[in-house]
Structures are given as structure tokens and as C-alpha cells.
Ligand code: KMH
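We begin with a single chain expressed as C-alpha cells, specifically the form predicted alone.
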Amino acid sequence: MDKLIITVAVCGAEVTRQDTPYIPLTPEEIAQQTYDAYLAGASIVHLHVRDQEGKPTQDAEIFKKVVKMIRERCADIIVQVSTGGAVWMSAEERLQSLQADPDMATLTTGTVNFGNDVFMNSMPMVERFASAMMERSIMPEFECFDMGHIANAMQLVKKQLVKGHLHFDFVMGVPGGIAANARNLVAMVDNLPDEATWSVAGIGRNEFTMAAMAIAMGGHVRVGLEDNIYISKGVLAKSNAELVEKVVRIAKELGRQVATPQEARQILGLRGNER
């Protein structure tokens, strides 16, 4: 079993200060919470950014600034930018994050109901995103909100729009997407090609339950204030690092070692950080 890769999703596009006072919004706050999570055991940072009013943005210059600040603090962390942005953003807006020259980028491979909204990802759009990542030598992480999204990802591989090691993230528990439970996780994993790696992001109260399942099954884990703002029932997490620390404790109890960023790069087939 590979060592455990922990991804920290530091702020997302939906959580506000009304939800939790601990969500990082400014470039400095995002970079600092990333650094603290890195020290706690995170090897990958899943990155959204916010504008001066704290609203979600895909502005390339803000992404560049935040990525630079993160790499100055933790040079070997794997930087993974979001191309999901927010549900109302156009494809052109969402693709701006690639200009920050990340190691990885998320590639959502299908449309899904997202609460009361629709997260639109038509196949022509998905193919366009995959091509843009290939042109920049950025490794995609397939974001799968439902079972059919795995098949869509494999169509990209068949069309040679994605090459190299395949890594999937199962986002489970979003209202409108696949439910977060053991049966569904096993089914998702069973539909992957043999050499692929995978992680799971359990949304809300599902975060640590799904994390424990992934750790035991040999998968990897995403946690962070983007996905869940509580450290335990009714108790707000005071930082992203606190959520990472809990996953590290669960992994220790289950006998699974945590990967360093260098080890995570080897598992994922990523080059070193020469960017």
C-alpha cells in the first residue's frame, strides 16, 4: 500500500465568513494556512482564490500571487489549482488559473446538480480543458461527482487528451452528486483502471468517515475548509491544519504512513518542482 497523500482544500468558492470566521480569504491568509497544513502533513494544496471582497475569482494574477507565496513558504508542496471555480463562471474564466503554472489542476469530467445550482461540464468543454492542461504540461486530477464521470475521464484517455499517470478524486456527498457511503466508494474504485490512484473528498459531515474508508482501502484523502468546516459535531475547525492533523491521527491508528511531498510526486508520477 502506498503512503497516504493528503490534499488540503483551503478555501473553495462557497464558504464565507458568515459560515466560519476561520476561512482564509486574502492571499496572505491562504498562503499561511497552506503552510500550516503542509507542516501538519499535507502534500498537495487544492487552490481556489478570492478577490479583495472575499468573493471567488479565477483571476490569473491573484492565482499567480498566491502560488508564488505558497512556493516561497513550502517549496516542494504540490500546487493543484481549481478549474472548477464557481458554478456561475464561464469556461474562459475557469481556465485562467492555469496561467499560474501549477503542478496539477482539477478536471471535472461531467455535469452535476450542485445543491440548487448546476455545475456545467459538457464533454466539449471537458475536452477543451484537458487540451489546455496538456499544452501546459499540467497533470489533471479527474474530479468525479458521479459514476459516469469515470467513464467520461476514460474517453479523454482514449482520445489521447490525457497521457501519463491517471489520478482521480471522488467528491462524495454533494447534494445532487453521488452519496457518501462505503458501497458507492467501492463501486467507484472498482470502475478505475488498474494503475490509477484515487482520493476521496467527503463533503460536510462525511469528511472523516470517507477519509477513514479511503485510508483503509489504500486510497488517498482530501480535507479542508472548502469541504467541511467542523472538526467534530458542532465544533468549528480553527484552521485547515487542524483538519489535516485529524486525518494524520486516523492514518496512524490504522497503520498507514503519510507521504511527504517528494513521495507524493513519486506516487503520482510528477516531476520535481522546477517551475
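Heads up: residue numbers just count along the shown sequence, starting at 1. Bear in mind that the values here come from a model prediction, so they are computed numbers and not experimental data.
One more form of this protein, predicted in complex with this ligand, exists but is not displayed; see below.
Is there a heavy atom of His48 lying 4.5 Å or less from a heavy atom of this ligand in the predicted complex?
Answer yes; at least one heavy atom of His48 falls within 4.5 Å of this ligand in the predicted complex.
Does the 4.5 Å heavy atom contact test between Glu14 and this ligand in the predicted complex come out positive?
Residue-level check for Glu14: yes, a contact with this ligand.
Does Asp146 make contact with this ligand in the predicted complex, using a 4.5 Å heavy atom cut-off?
Result no; Asp146 lies far from this ligand in the predicted complex.
Can you work out whether Phe119 and this ligand are in contact in the predicted complex, taking contact to mean some heavy atom pair no more than 4.5 Å apart?
Looking in the predicted complex, residue contacts with this ligand include Phe119, since a heavy atom lies within 4.5 Å.
With this ligand left out of view, which of Met134, Val157, Val87, Val189 would have a heavy atom within 4.5 Å of it in the predicted complex?
None of the other options qualify; the answer is Val87.
Counting any non-hydrogen atom inside 4.5 Å, which residue from Asn152, Gln96, Ser199, Ser82 sits next to this ligand in the predicted complex?
If I apply the 4.5 Å criterion carefully, the residue I get is Ser82.
For this ligand, considered in the predicted complex: do all three of Thr106, Phe114 and Glu226 come within 4.5 Å of it, counting heavy atoms only?
Yes, the whole candidate spot contacts this ligand.
Residues in which of 189-197, 157-165, 175-183, 137-145 have heavy atoms within 4.5 Å of this ligand in the predicted complex?
The contacting stretch is 137-145.
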